[in-house]
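A single chain, nothing else alongside it, follows as structure tokens in the form predicted on its own.
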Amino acid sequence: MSRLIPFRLPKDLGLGCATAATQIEGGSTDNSWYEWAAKKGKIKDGASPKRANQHWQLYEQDIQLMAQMGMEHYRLGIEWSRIEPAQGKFDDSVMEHYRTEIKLLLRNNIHPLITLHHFSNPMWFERMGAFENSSCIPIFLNYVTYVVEHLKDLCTDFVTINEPNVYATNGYMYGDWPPGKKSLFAAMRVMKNLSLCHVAAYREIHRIYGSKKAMVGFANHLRVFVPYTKNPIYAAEAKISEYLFQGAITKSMSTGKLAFPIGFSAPFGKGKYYDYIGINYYTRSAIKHFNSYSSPNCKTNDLGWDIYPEGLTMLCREQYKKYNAPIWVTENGTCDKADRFRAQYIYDHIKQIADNKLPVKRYYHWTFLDNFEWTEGESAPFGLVKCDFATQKRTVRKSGIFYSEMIKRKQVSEDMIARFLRAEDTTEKGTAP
């Protein structure tokens, strides 16, 4: 049970934040999420990524704010639909825009981590079946090659694909995301093709860099699966759910050997296709009848997700034992509109890293500023920075000031606890905040 006590950050832990292009840039309309948002009832509040945070125009302001907050690392997305508006036709001016943005980050001593695919597809790719179509692999590889060749003098670190399991299950099994299919078999086909796309992209990026060091991996959505009660049937369901959601695809993408039920072969050969272990961690799932619930009597965030910091330690230890590489927490954050418990959430999760001496070298808070949060639209604020979408005014939240001080001071001090954190132990089981 974590108490509110001061602690120092590990000396080799870098802190920063993460965003995704479709969620913040605004303006781009020829992508799968813009089309999805245009359909009635698909987005909770009717919002569209066309507005978002207008970061495409306001990136200088946003990077200046990141610099003022002391961000050391920034994970940013590249919008495929902007870069390749038609198959095989690339827009060099868009690439130059991203180069300008990255140069500004570097001038402010903010280290970039580039995400090549974060849920959004160009519509020409979506119409041809996207990652359900086996021809996706050379198409994705062509895009990756173009981007990396244009950034190799500025960047060394890449996320090939963000949360492939979330993309596959939400879009192809549950039907809540584009393209809205509801087929387990389709979801497995997509997981297979995403695995092969990652392996091919990993090999290609290292070919481009040659002897120059590059750090390539994928951002893996991992959660802790537990039975809803001590019922042994629920316990078995939790293990099966964990394997189908994250175990099989993690092995497939990491080793190149497709795991059942994704596949059986190793088309590109078995190997090690990661230079770091990327973990996106938010919550735990309590499983009953193969459905996911919040655990009984557990504190939850605004979306009803369990707040369970201990899960980060469990997953880091498990993944490190299996794959033995530096861990980057590529996303971690919480939905908290009133900013009542976000600072506590950050404290608890980073304290897990410090107290348990986890091999975590980077931590990226999700997210920098409130954005278009997929099917939740603009209604689910995860940001350290509040965004008034109507005026595009940015305001650093109290939790953002706390995180900024943590970065600059490399510790959580007594006075920071007094100013930012609630007095009670928020990891203790109780009622939801």
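The model shown is predicted, which means the values in this text are computed figures rather than measured ones. Residue numbers run from 1 along the displayed sequence.
Just so you know, the form predicted in complex with a small molecule exists too; it's not on screen, but the next bit is about it.
Interface residue among Tyr364, Phe382, Trp36, Tyr403, judged by heavy atoms within 4.5 Å of the small molecule in the model of the complex: Phe382. Checked against the small molecule in the model of the complex, the residues Arg82, His221, His349, Arg284 give one hit for a heavy atom within 4.5 Å, which is His221. Residues placing heavy atoms within 4.5 Å of the small molecule in the model of the complex fall in a single listed stretch, namely 369 to 377, out of 43 to 51, 62 to 70, 369 to 377, 391 to 399. In the model of the complex, the small molecule lies within 4.5 Å of some heavy atom of Trp305. The small molecule is not shown here, and in the model of the complex it never comes within 4.5 Å of any heavy atom of Thr22. Using a 4.5 Å cutoff between non-hydrogen atoms, Asp336 does not count as a contact of the small molecule in the model of the complex. Using a 4.5 angstroms threshold between heavy atoms, Asn280 counts as touching the small molecule in the model of the complex.
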